[in-house]
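Listed next as structure tokens: two forms of one protein chain, kept apart as structure 1 and structure 2.
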Structure 1
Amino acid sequence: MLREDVTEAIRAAVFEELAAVGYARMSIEGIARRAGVGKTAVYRRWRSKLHLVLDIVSALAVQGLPAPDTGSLEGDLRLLYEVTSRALRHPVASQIIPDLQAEAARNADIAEALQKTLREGQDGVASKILAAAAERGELAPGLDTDLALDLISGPLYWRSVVVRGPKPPKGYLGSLARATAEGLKAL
């Protein structure tokens, strides 16, 4: 195999292993076996299981979330929710992020790395939406940004990953964007 093909085979094997056994039970041996490569090929690219998974999660978080620019807070939130709703149905979000959260509860390194990934992905885009809305005068100056980010990111995550409800019905994302925009304006 070419170097790049090996890297791709390892990435694909990680997704399959995560889906099958979860982060806690996953091993570098299992990944290497599934990818059809030696353990050394994995360790040459990533220092540990944690680094391997975080690298893959970061790459997906960043590539999946463009910053919308529709000219209104509600419109921007609507677009963000459409992208996020799709992303949360990807195995990375619905299986791997809960796995990493479970690990984060008892491992400070994982907690820090996961927090950084979430902040750079979802919260990074939401911050840009908030800044643009403040500049247009839609939001009060000196808004509590942390609270605003929780209001923006929490509800869809709760529905998709925590409660694991069905796919949002027609109209749901639009109503969510309207309610969230009104909530933010009341801050």
Structure 2
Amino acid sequence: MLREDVTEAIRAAVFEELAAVGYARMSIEGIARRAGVGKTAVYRRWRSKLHLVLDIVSALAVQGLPAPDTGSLEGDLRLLYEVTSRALRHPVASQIIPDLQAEAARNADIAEALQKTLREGQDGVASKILAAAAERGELAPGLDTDLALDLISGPLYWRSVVVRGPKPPKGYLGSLARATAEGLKAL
């Protein structure tokens, strides 16, 4: 039986190691050292570095973000943007996400796991926001959910991860929420 505290220490060490050295230079030895365990403890749980990272990235998709419920589409979007913006600016996330994207361009397994993590995590939250807005009569039924998800996620992801801009200026997230809500209503 595997000890859960050791497994959690290894998972935490993976994030630290990814942020410190990136996927390409990350090693099982480095992860084990950070976790305070032997390499065999890592290999008992995962057979390779790739499987370890894929497992952890996939687990993030399951966790997801809680769906906001402020009573309005714009309010839900604003809260989602505030939480997501903070998460994307976290020092570990801001190092790991771009590195994994670069690796995804070279490794189909990482690409698939990263897409699943990003898409399913946001899709679950966005779907709940869209369903609540439709129930309140803020959105028309039969909305193109893929297009809506792109509209919800795209601008903040672009600014935070692709351009890697600084913290959004005061009022930006509220303006983005307002513009996105209007765009969704026009679909």
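If you superpose the two forms and keep the largest set of C-alpha atoms that fall within 1.5 Å, you have the rigid core. Predicted model only: the values in this text are computed from it and were never measured. Numbers follow structure 1, counted from its first residue as 1.
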Which of the two shown corresponds to the form predicted together with another copy of the chain? 1
Look at R11 and decide if its Cα position differs by 2 Å or more between the two structures after superposing on the rigid core. yes
Taking the rigid core as reference, does the Cα of V37 move 2 Å or more between the two structures? yes
Is A148 one of the residues whose Cα moves 2 Å or more between the two structures, with the core superposed? no
What does the CA of R47 shift by between the two structures after fitting on the core? Give it in Å to one decimal. 2.7
